[in-house]
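The chain below stands alone, shown as structure tokens; this is the form predicted on its own.
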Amino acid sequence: MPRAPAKTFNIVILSCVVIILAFSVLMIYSATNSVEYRSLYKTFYLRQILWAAIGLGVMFVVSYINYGTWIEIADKLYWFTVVLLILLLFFRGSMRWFHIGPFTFQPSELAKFTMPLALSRFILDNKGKAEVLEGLIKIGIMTAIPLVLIIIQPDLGTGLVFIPLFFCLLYIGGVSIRYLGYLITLMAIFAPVYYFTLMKSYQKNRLLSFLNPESDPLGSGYSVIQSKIAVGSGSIFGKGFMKGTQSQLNFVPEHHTDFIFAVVGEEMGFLLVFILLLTYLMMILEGLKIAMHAKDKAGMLLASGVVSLLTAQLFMNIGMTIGILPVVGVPLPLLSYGGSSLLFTMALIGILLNVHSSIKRSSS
């Protein structure tokens, strides 16, 4: 008898995405129902619903496109992204986005989509060469171009997200730990140079306030202090939906974007925060499972790249919210308000789903 076609869609990842998107709409509704946003709050949560619907469509479409196709056009997407970042630098000054009618578009979010593709393409095209000095220099330059363009916008947080991606794909690509150690040492040597010559004054203040937020409680340490108060005051069961004083009275800045986790902690409490984090963990573990069982090196690289990006953003956002990492302005994947971030994150998840589909098809 002929075998039945394999079910190729990953219900675990789809369920996690839907749960987080539902959290997102609810939390954005609450976060923007404050005095500052009172006349616009419907716009924010309705826009997020729109972006979520479009994002799900993007995810499904991308999931049905063979990931090999994305690998083939990765270099074109890479240079298109670089051109947009250069244009943004020249025509928008220190702004991070283009205005397109009532909407905004961030090329740095597009870079999160194109960099895993471009790095995977380079490693696949340079089998063996990526492990030697010449290959490492080339891939280092390739990563540095968009990273530098993003950092000088300035958008340090997004730039930092590429570093775990870079090392993850190099390791998966076969580069020895010894060479990776050399690269980490080189970056550690360059860090003081960046701090004293290129880092903006407000970024330095954020770093210093991370070490001692109480040194400037009304200035650079304000965001971290208010965020920690919000998360801590939620206790086990939270203050209740739309009853968080820190968020509703607008003490926590950017509480619908970068600091939305503080709203979740204050209003929903530890139990629902635990469920949310467990949902993220399930999605990440499922992504790792897909990477481990990918049918070829390309699928393994792409799945690993997607997982490393999502994990890095998750740790950086929550870390800055609870005060264990400096404030760098990274959105919480799928949860923070923002169209560009949501759409390109959903596109990355679509690629992950396509890698999973290829595994099921090859085993059926």
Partner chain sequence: MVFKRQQDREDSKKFGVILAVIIGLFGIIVLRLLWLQVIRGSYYRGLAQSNSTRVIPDRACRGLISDRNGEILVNNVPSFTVSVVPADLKNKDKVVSDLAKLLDLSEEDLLAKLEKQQYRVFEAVKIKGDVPSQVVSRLEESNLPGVRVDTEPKRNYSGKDYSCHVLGYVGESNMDEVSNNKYFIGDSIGRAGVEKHYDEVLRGVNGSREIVVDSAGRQIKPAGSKPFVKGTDLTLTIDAKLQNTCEELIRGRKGCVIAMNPRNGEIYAMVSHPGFNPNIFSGKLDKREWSDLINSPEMPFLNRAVSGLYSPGSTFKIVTATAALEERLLTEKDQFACRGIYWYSDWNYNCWKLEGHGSLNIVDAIGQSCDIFFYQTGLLVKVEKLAAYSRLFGFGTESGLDLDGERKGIVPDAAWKERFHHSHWFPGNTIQLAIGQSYLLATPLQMLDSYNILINNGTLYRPHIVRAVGDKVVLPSAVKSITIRNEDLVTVKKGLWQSVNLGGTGRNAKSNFAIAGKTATIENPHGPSHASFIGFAPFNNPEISAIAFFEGSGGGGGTDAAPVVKSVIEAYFKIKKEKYAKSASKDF
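Residue numbers count along the first chain shown, from 1. Since the structure is predicted, the reported quantities are computational estimates derived from the model, not experimental observations.
What comes next is about the form predicted in complex with its partner chain, which is not displayed.
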| query | finding |
| --- | --- |
| Proximity of V231 to its partner chain in the model of the complex, heavy atoms at 4.5 Å | yes |
| Non-hydrogen atom contact G174 with its partner chain in the model of the complex at 4.5 angstroms | yes |
| 4.5 angstroms heavy atom contact with its partner chain in the model of the complex for S304 | yes |
| Interface membership of N205, its partner chain in the model of the complex, 4.5 Å heavy atom rule | no |
| Stretch in contact, per heavy atom within 4.5 angstroms of its partner chain in the model of the complex, of 334 to 342, 309 to 317, 50 to 58, 63 to 71 | 309 to 317 |
| Full three-residue contact with its partner chain in the model of the complex, heavy atom 4.5 Å, for I11, L14 and Y29 | no |
| Contact residue in the model of the complex, from F91, F241, Y195, F274 (heavy atom within 4.5 Å of its partner chain) | F274 |
| In the model of the complex, the residue from S108, S223, Q246, S120 that sits within 4.5 Å of its partner chain by heavy atoms | Q246 |
| Those residues of 288 to 305 which, in the model of the complex, come within 4.5 Å of its partner chain by heavy atom | L288, A291, M292, K297, M300, S304 |
